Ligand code: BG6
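As structure tokens, one chain now follows by itself in the form predicted on its own.
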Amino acid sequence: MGERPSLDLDRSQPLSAVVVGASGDLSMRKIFPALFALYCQDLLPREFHVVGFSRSQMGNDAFRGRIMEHLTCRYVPGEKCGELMDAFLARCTYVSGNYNSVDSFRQLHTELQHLDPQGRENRIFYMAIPPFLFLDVAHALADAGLVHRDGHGGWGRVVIEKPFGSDLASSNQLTESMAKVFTEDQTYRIDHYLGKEVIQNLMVLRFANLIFDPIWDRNCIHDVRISWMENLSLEGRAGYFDEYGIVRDVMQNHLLQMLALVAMEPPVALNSHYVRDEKVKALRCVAPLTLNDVVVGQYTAGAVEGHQHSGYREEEGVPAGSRTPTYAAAVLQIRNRRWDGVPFLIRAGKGLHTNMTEIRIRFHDVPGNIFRTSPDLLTANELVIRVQPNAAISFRIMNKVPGLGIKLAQSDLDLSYEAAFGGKIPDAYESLLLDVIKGDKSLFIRSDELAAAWQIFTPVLHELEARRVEPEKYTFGSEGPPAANALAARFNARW
């Protein structure tokens, strides 16, 4: 089936969105609400259907009832929202079956033919399932005749969630195997952090504001720190998390994508090919990590806001003596003319004292600063891009405190997204699903980009596992292992 992506939304062409793993948490909390939000804004084709597929046994009414529990009236408050909910749910149907059964997917095929007897519709297959099922489902879809349809005028696209493999070799194998069913043009590897409004704004901030261009390099920037912190435990994901750990779950994808957007060169144009070319170039300049560049930790029992939490090894479903890191910090070096010598410090952890994701860009101290009155006075400017909670961008500068004397204090020039743009900021999945429908791949991960990311982390992951490195312990609700602060201090930085 030929892929003919268009960046304009064609509302005349029918669309079927098939969500595989429809009864799961991701589908119910994120995918269906995002589709409903697009429906409320009239951003879906006039002929549009959602077909859920999973192993759970339920009928259409039960399926629609579960979806409705998660829908909100953000975009259409009042009585009209109820009408839109009813209209949206009427377009939702459900098929139960096994993920590796061709017969089950033939039933799905029959349902799609029933919804569109003329077979004109475009199709999205969203794999909201564990990665080990991707290939089984892809082959079953193909064998059931759902992917390559001779003479069909519409397109077919597949969306897959990370992690994409567990190291470079497994990632390459997955890419090659999936390509036998879905071409690279048809494949949308989703990282929902790229759909967040503040992350999308990074390129605008950098390339649409002349003020940042001359200072965005090693001459003016001292260090870049990217943090992802959760004050939560595993929340029932022990089986998945213990297999992958925090490095594969967060650092190799979310944090590295943010790093690439900070470090990339300006693309030739706002075209998905050019944007991803520059991200790949930046990632290929990052030196592979070694054990000397990394700190890993694991939380022990502790309390947050009076609530007691078990240690990681006591969590249900975690094997006794597990060495899986729940925290990691690393320093990355980008070996090119713009960034050589600037440490990029990244950290991610669960069971910490706060819930926060942000990028901090610290500039060099002012040389020969005539206002330095104390060796402890922090004079470095910082640009802070807060992804969550309360999305915001702030620029930290030095100011004179009003008064008769000369006293300096830091203050922030703030842009709060909530205050500036109101409460209708799109959810990441809304933005990304609309891009899939339009065929815009700018915010999706290309196969060579994925390989470049794994080349950075694969050596240290193998070394951690081969040497059976024991993670440093930290108390649940703390700031993480002390060794992370020591790692930052080596580069005259602090978290």
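In this text the structure is predicted, and so the values were computed from the model without any measurement. Each residue number is its position in the shown sequence, starting from 1.
What comes next is about the form predicted in complex with 6-O-phosphono-beta-D-glucopyranose (BG6), which does not appear here.
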The single option of 362, 196, 276, 189 touching 6-O-phosphono-beta-D-glucopyranose (BG6) in the predicted complex, heavy atom within 4.5 Å: 196
Check each of 99, 240, 207, 155 and return the one that places a heavy atom within 4.5 angstroms of 6-O-phosphono-beta-D-glucopyranose (BG6) in the predicted complex. 240
So, in the predicted complex, is residue 350 in contact with 6-O-phosphono-beta-D-glucopyranose (BG6) at a 4.5 angstroms heavy atom limit? yes
At 4.5 Å between heavy atoms, is residue 225 in contact with 6-O-phosphono-beta-D-glucopyranose (BG6) in the predicted complex? no
Contact label in the predicted complex: residue 250 to 6-O-phosphono-beta-D-glucopyranose (BG6), heavy atom within 4.5 Å: yes
Could you confirm whether residue 116 comes within 4.5 Å of 6-O-phosphono-beta-D-glucopyranose (BG6) in the predicted complex, counting heavy atoms only? no
Using a 4.5 Å heavy atom cut-off, indicate which stretch of 124-132, 260-268, 228-236, 334-342 touches 6-O-phosphono-beta-D-glucopyranose (BG6) in the predicted complex. 228-236
With the partner left out here, if you bring back 6-O-phosphono-beta-D-glucopyranose (BG6) in the predicted complex, are 162, 254 and 388 all within 4.5 Å of it by some heavy atom? yes
